[in-house]
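Both blocks below hold the same protein chain, though in two forms, and each is given as structure tokens: structure 1 and structure 2.
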Structure 1
Amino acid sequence: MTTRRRFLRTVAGAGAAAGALGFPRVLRAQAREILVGETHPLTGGLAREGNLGKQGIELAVNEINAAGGIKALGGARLKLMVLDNESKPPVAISTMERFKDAGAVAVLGPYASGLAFVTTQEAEKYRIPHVLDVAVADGITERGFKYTFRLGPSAGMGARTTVEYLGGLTREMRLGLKRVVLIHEDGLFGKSTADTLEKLLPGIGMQVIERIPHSAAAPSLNNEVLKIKAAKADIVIPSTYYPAHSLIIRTMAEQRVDVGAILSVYGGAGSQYRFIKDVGKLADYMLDGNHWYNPKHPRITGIIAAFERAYSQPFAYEWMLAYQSAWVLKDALERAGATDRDKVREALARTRLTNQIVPYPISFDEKGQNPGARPLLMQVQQGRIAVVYPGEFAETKPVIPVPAWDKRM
């Protein structure tokens, strides 16, 4: 009969033998892990966008690990440390301290400009490379930081390029659109975008006749839409987050405020299949200068299909940019050949990526901004979001001026 004491002695002996003969070889064969921090608003007012970013990074990391991890580091696998910043800057600050203490080699995230303003500040203090996924406010990369890298266009770059697109369209289509109303959220993102638009639009022969700020959390925008109506605008340009953008379109339809075009810059609802699902035909003809993928890239169809299979959600630029940010870090780790944060930072600074799913190459200037980044101009047509400008990426022609609300409902 085997007593408990004899059984334990047997197991211990077997374990010791295995440890002497086999386990060390197994342990040596195991690829080590590289800890990567990820801070996103997984709860709070920006939870939807933050969770999309989280899913995009998860998809990329799964692909990277499945393909053999970081080859320059013996196939080391990326391990995510995901922290919820609750859509609150003070909490976002605390996540950066936790990443520092845990030894994260770099940090990805955090979607919103207000959050990125503080996470990049902490990254600089702790000397942790921080690759931003969205966060467009110009000032984020204007503080001389060395550890901040933004692969997408800033607010100013997006506004300038969208104005160039609008100027090109008005010339090519001989549009007589002159009077512009800007309606924007009153935070960092909305104000900086509207400031740039107000300076640039006169250069293409357009006049800003009204500028209407609003709270991103406003429960009603009736008064703001009445101002648009009174201004007799040819074009309305919203720069705001999803709830307010959606509310603007619904309210304009309810009040039958017809204009030649609604063209948002980084519109929260402008290039969102969620919006089309929510409002149906009201979304048709809406134009948006925004982050988007290269529709002619050979891998984009497969990547979108993989995301939709994994998360049962349609395409959204939030996850695409987060997905791309993880691949930017992967490239830097390969070239750094080390997990030392300063070496990874130096490798990021030397990034030269082409043939990516975003419609531009990726490199970083001395401020950490990708100088070649740009938005594309999309329009919703019959329930589909299609690139309409510039011509090298266009999938169809734009419809401007847009039909009156009465003819669409």
Structure 2
Amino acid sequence: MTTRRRFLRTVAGAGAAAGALGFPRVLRAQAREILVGETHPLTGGLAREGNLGKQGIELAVNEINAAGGIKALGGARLKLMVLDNESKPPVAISTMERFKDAGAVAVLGPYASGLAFVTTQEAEKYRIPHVLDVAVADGITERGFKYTFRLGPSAGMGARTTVEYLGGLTREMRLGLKRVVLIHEDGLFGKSTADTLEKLLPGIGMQVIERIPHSAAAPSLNNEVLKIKAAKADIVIPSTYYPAHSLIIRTMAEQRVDVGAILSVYGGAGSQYRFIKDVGKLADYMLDGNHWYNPKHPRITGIIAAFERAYSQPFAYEWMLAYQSAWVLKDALERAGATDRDKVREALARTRLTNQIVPYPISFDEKGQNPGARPLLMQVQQGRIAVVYPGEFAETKPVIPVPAWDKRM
């Protein structure tokens, strides 16, 4: 769909191109361009998330260029080369080859872990710095690649921190919640999260009384929810993707399965405004430990407003991490003062960013992981997603135990 804005941008681009043809020397002298590769799943199963990432990077690059580009390089502008990896590893490989050929100074993307395994390996081969946005699988940074950088928390870090938050909450609020049911999809993400939780929950005095795996494509989860009911759980922890996640909530409401809290780890729905739009009031009181912004950051309201204006979409953490990744690269380019890939890599490795829109400082350990990264705990309250823990970022107090379904209708 061509929006007016995009149309104007195209016209402006054509004008610039025509200008470049007319006065090539003048233009080149004024502002050089730095080619940055971006690989995202713009089609295929992950198209929605991939496009969010693309928009986040676009927004950041537009901001960077509007503010005068890379000052250390004479105001050079970032030029994005966006390639669709179609959610497929073989295509993801070919996008990396094209970045290498085109001479991209660094690569951003690729949203999903399965794709990141492939793109980081290619980046390592070609010695192209690769700043990841969302991909959380621990294995990506455990390979010790020198050209891979992940600013956000890994899957393991997310699960560990969320369990810590839950322990902190239980102590502070003196909650008597003990019996946990884990419901998870039987793929990579759900299963490994459930494994980690099963190990960690006893540490905060909770016991896993049942694990319910389900297929991500299950059309109905009635039986699974009946099992939750029979288990008399205090807390239900789903780790699954969006469709199953909203199905679980709907089915629990339908069958009036009341529990003390529903809390997910990197939940497919918990921290998505789409979820609130889809299930309405049923989304209320859902807790989720997930990527989020620092709500106390002075610039965050402006950035979110700018995004919503540009793309007519509510906030989503996928674009936020992608947006942040572009700024991490910008910072490294400023410090490197060169477009040499190895110099940019060196600069990235020495990143020390504080006061970013993510609620943690950004630096990288020798494996390229940001050791300080962490999720926040959010709760849906009256149709809004609010940070409820830890205290330093909390916008409001959590409501636990959550009201019964009968009291909400």
Partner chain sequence: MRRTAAGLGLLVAAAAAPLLVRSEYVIGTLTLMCFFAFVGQGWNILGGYAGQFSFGHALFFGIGAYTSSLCFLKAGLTPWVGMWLGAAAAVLVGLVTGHLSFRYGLRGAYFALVMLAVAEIFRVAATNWDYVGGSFGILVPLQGHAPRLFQFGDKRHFYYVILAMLLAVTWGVARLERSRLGYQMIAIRENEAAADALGIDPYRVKLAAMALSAAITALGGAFYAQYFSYVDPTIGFGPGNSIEILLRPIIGGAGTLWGPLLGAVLLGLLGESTRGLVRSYAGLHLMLYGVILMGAVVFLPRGVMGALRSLGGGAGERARA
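For clarity, a rigid core is taken as the largest C-alpha set superposing within 1.5 Å between two forms. A quick note: this is a predicted structure, and the numbers were derived from the prediction, not measured. Numbers given to residues start at 1 and step along the sequence of structure 1.
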| query | finding |
| --- | --- |
| Form predicted in complex with its partner chain - structure 1 or 2 | 2 |
| Comparing forms between structures 1 and 2, the hinge position between rigid parts, one of Gly289, Thr240, Met96, Gly50 | Gly289 |
| Angle through which the smaller rigid unit swings between structures 1 and 2, given in whole degrees | 9 |
| Between structures 1 and 2, how far the Cα of Val257 shifts once the core is aligned, in Å | 2.9 |
